[in-house]
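In the block that follows, a single chain appears as structure tokens, in the form predicted alone.
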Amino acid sequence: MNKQEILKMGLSTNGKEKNSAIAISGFNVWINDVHILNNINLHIPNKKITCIIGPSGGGKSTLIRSINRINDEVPDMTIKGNIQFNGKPIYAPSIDVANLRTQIGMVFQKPCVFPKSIKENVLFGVQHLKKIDKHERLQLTEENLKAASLWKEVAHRLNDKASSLSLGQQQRLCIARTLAVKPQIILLDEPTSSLDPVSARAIENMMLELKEQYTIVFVTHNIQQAKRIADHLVFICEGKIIEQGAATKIFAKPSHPQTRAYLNDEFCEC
């Protein structure tokens, strides 16, 4: 990239973030010979909600799964380019991937609760990072269930199996478990797609509260949902970023005809 392109992305010319939680430049992903992500240049602003939208199969999930290296185990995957977090390239050989994933948490499309109690699910990750006494266990459980807007619903049943919760409650429990390890960034890959509208709206409201403390990257197929919660919008199609910027500006007046077509008709010819 030239200097103008770098500055437009919100980066400094020495490659470090400038008001960005994540800075991505020239990032490509191939699986076998299929080019999944094509020259991605993107900055993710601090303590904002960045929504990534676009048609199915366009590379959205591959992109956010690359940000905390969940894709590392995908067979025959090749990457090229740079993703920086806190000014450091996350694909450098010296990076501790386990530690990276505590700082960049991930919540998936379907709730993934462990066959343990509600309380043990909240503490599952953090208790592997440090020793916690009985008092701290209770404190962490309450603190993170409150942050995930779940405490009032489950405070009286913390020893019940997590699987006894509704799907919407299970998804919020997964978010509480992610919050407990104190990440800086939360990645969410279509976290409401399998939920009813009431549960989905509860998670949206929670995200709006959490962005005061966390940087949030939220993949969604739901354009109305993106309108409700996005500060920053990224439209990706066939592995390329078509348009990115302030959500209010793009929704009001998209610059590219492909973006306009997708926002109006949920269809585009990329």
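Each residue number is its position in the shown sequence, starting from 1. Computed from a prediction, not measured in an experiment: that's the story for all the values here.
As for the form predicted in complex with a small molecule, it is not shown, yet the points below apply to it.
Q.
Can you confirm whether Gly245, Pro254 and Thr259, the three residues that make up this candidate site, all sit within 4.5 Å of the small molecule in the predicted complex, judged by heavy atoms?
A. No residue of the spot touches the small molecule in the predicted complex.
Q: Quick one: from Lys227, His221, Lys47, Arg201, grab the residue that has a heavy atom within 4.5 Å of the small molecule in the predicted complex.
A: So the residue touching the small molecule in the predicted complex, by this definition, is His221.
Q: Check whether Glu190 has any heavy atom within 4.5 Å of a heavy atom of the small molecule in the predicted complex, and answer yes or no.
A: Heavy-atom contact with the small molecule at 4.5 Å: present for Glu190.
(Q) I'd like to know whether Leu208 contacts the small molecule in the predicted complex, with contact meaning heavy atoms within 4.5 angstroms. (A) Leu208: no contact with the small molecule in the predicted complex.
(Q) When the contact criterion is heavy atoms within 4.5 Å, does His43 count as touching the small molecule in the predicted complex? (A) Flag for His43 set to no.
Q) Would Ile132 sit within 4.5 Å of the small molecule in the predicted complex, counting heavy atoms only? A) Result no; Ile132 lies far from the small molecule in the predicted complex.
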